[in-house]
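Only one chain comes next, encoded as structure tokens, the form predicted alone.
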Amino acid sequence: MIKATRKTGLVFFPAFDWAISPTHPEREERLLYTRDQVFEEGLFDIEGIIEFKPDMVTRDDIRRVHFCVPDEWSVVTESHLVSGGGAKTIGSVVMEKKVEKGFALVRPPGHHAMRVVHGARGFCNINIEAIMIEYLRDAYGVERVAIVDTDCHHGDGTQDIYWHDPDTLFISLHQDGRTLYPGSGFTHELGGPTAFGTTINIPLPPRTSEEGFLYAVDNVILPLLEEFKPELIINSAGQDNHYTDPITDMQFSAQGYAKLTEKISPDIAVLEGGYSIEGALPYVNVGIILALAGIDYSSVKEPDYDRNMLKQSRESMEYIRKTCDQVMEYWEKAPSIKEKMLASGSIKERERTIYYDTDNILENQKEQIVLCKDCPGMYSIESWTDRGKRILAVHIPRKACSRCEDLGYKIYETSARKNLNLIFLQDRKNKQFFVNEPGK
């Protein structure tokens, strides 16, 4: 009788009532075929593999992470609340040691949702991994977290949320942004000045196969995880690197995903993208589940799998080696660069234009962060869109010093005189959230 080496929890939520359109790649069939395969393979008959039912996230869960404009209920549906709740449930059962590993097979996905949310980007409305992580920090006292995003698209939303957080190591392994949405995730993107070096991007060339992915895991991801020493490792387990995916151009397989999962050994995996509904997801997900549980996955193969057909060019492999060397060079130099940046001034500004491709919204942002030597620094974001909304969002970090805490409240209280629709204060230190509507 097969038995899991590591007790593993699963949450399924296909979101039957939510899809961008009936034929859109992000629809309920993404998980229906996987669920059928899991039952067909008898995974729930294996001792040590346990299914849990998802909770729903609350408004307070969302407010630990996001500034939703004009409010949370304008941005999410019930399906988003359950999808985020599935991640939250898995996080809780892992922290309470009911299981050793957990996998939230849920949708809609979330890794393109940034700190400020005006609508949907890249099929994402709220960032379910970040919501889970911040809940675990408040509920269980978790400090250092590593997120390894293996979706084919750069996890720009998760990167944005943790850009200024030195306690969160964010690593994204993805198809080069010059060839795929969202057009970001380059090696020089290393985090804000108070958290410089804790954002790591490994852009891979199109047609990268198992050889290239696992080289990056062995030569970059595993050494960084060993040095960072996180309390939790989270895998944003996107599966659109698969060779049959209709919207990407990579050469990964179910065997490759299972090996990657075995090597990284995440505590929690959360499903992200993956749009080859019949040809990839059932096999990839079964491979990931078996790898998490410590069960032999060598027989998990797609019907048309041929490793010899999935080889990458020598030029691609050489490019990947050089990219990995560059990433490690940046990692080694980051501490001294961070020290110089913190000594260079009191305020750092960042201006950006962000396009919401799903909802066709154009947003402009002006961010200001305090370069504080005693804490990660208070920051504010002025955001306005082509829909006419103009807001100011103030973030006080969990480990804010008293000066940054006081400054955050001062900016929030004195900004009412500005021409703004909404003013937000996200006080993570004291676990509070405030909203001011000037003129009301």
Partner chain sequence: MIIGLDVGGTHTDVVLISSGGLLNQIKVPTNSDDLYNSVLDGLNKILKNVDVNAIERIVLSTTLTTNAVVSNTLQPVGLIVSSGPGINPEHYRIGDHFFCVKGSIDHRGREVQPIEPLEIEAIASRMRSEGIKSVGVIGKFSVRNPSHENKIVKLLDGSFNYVLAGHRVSGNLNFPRRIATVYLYSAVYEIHKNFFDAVTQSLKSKGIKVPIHILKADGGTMSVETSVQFPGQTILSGPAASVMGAVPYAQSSGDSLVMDIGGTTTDMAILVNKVPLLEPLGIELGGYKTLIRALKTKSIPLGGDSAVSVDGNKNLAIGPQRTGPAMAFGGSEPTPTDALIFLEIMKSGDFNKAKEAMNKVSSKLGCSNMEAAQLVHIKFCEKLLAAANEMINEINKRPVYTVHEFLEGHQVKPSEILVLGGPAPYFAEQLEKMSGLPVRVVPNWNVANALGAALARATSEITLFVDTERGIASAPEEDFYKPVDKEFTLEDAKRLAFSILRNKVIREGSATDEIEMEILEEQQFNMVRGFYTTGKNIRVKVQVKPGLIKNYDNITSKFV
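Just so you know, these numbers come straight off a predicted model, no measurement behind them. Residue numbers count along the first chain shown, from 1.
Absent from the display: the form predicted together with its partner chain. The rest refers to it.
Enquirer: Is residue 202 close to its partner chain in the model of the complex, meaning a heavy atom pair under 4.5 Å apart or at it?
Expert: Heavy-atom contact with its partner chain at 4.5 Å: absent for residue 202.
Enquirer: Does any heavy atom of residue 213 come within 4.5 Å of a heavy atom of its partner chain in the model of the complex?
Expert: Residue-level check for residue 213: no, no contact with its partner chain.
Enquirer: Using 4.5 Å between non-hydrogen atoms, is residue 78 touching its partner chain in the model of the complex?
Expert: Yes - in the model of the complex, heavy atoms of residue 78 and its partner chain come within 4.5 Å of each other.
Enquirer: Taking heavy atoms and a 4.5 Å cut-off, does residue 13 contact its partner chain in the model of the complex?
Expert: Because a heavy atom of residue 13 falls inside 4.5 Å of its partner chain in the model of the complex, the answer is yes.
Enquirer: Among the candidate residues 35, 399, 59, 387, which is the single one with a non-hydrogen atom no more than 4.5 Å from its partner chain in the model of the complex?
Expert: Only one listed residue qualifies here, and that residue is 35.
Enquirer: Name the single residue among 372, 46, 407, 391 that comes within 4.5 Å of its partner chain in the model of the complex, judging by heavy atoms.
Expert: Looking at the other structure, the residue within range turns out to be 46.
Enquirer: Could you tell me which stretch in 139-147, 271-279, 337-345, 320-328 has residues with non-hydrogen atoms within 4.5 Å of its partner chain in the model of the complex?
Expert: Result of the contact check: 271-279.
Enquirer: Taking its partner chain in the model of the complex, would 104, 116 and 353 all count as contacting it (heavy atom within 4.5 Å)?
Expert: Not a single residue of the candidate spot has a heavy atom within 4.5 Å of its partner chain in the model of the complex.
Enquirer: Which residues, if any, of 266-302 lie within 4.5 Å of its partner chain in the model of the complex when only heavy atoms count?
Expert: Those in contact are 277, 278, 282, 283, 290, 299, 300, 301.
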